[in-house]
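Starting off, we have a lone chain in the form predicted on its own, written out as structure tokens.
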């Protein structure tokens, strides 16, 4: 591969700093992870957004979370069509192989993907409607959430947050279309959780199914 370049100096320096401190201080733990494998109790599906750092939010150590990130923390519906499905593969592995006890969807404020969906569905982003737009076709997953949000007749200022939370709900709904997820949930060996975090203030809300709304943790 001719186009691959050496690691930037800044990142190389950070690596050596980590190796000399964090890794050195926890060498036995890293060796245990390497030899015994991972046993995470939870899978987290979060957004690719660099501002969302779920291990920091929960103070998690290496090996605690099985993490999958994608645009707008979306889970597609179950589609066993023989095609390549990265998010579905991660869910399958977490539930059937790792047998995680919790599957957590984490949405967040100021989500660029959700804003793109909002603009696309409102006719303000025709470029996302193009078949060649990977982002647009991915954000089609959120159209049902957009329709529910529109039906609430919210002020424009409240729509981004509402749609960010709809992204969490759409993902939870789609998770239940996977037979192995539904089976584990019904057997009570797996629980699903929906969270939304406010980046600026560090707030965290969870979806309460009985209240049918997000509440502060």
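Since the model is a prediction, treat every value here as computed from it, not as a measurement. Positions refer to the first chain, counted from 1.
Beyond the structure shown, there is the form predicted together with a further copy of the same chain, which is absent from this document and is the topic of what follows.
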> Looking at the partner-bound form in the predicted complex, is residue 31 within 4.5 Å of a further copy of the same chain by any heavy atom?
Replying inline: yes
> Do residue 120 and a further copy of the same chain come within 4.5 Å of each other in the predicted complex, heavy atoms counted?
Replying inline: no
> Quick one: is residue 55 in contact with a further copy of the same chain in the predicted complex, heavy atoms, 4.5 Å cut-off?
Replying inline: yes
>> Can you tell me whether residue 79 touches a further copy of the same chain? I mean in the predicted complex, with a 4.5 angstroms heavy atom cut-off.
In response: yes
>> Is it the case in the predicted complex that 126, 153 and 167 each bring at least one heavy atom within 4.5 Å of a further copy of the same chain?
In response: no
> Using a 4.5 Å cut-off on heavy atoms, what residues in 59-75 are near a further copy of the same chain in the predicted complex?
Replying inline: 59, 60, 61, 62, 63, 64, 65, 66, 67, 68, 69, 70, 71
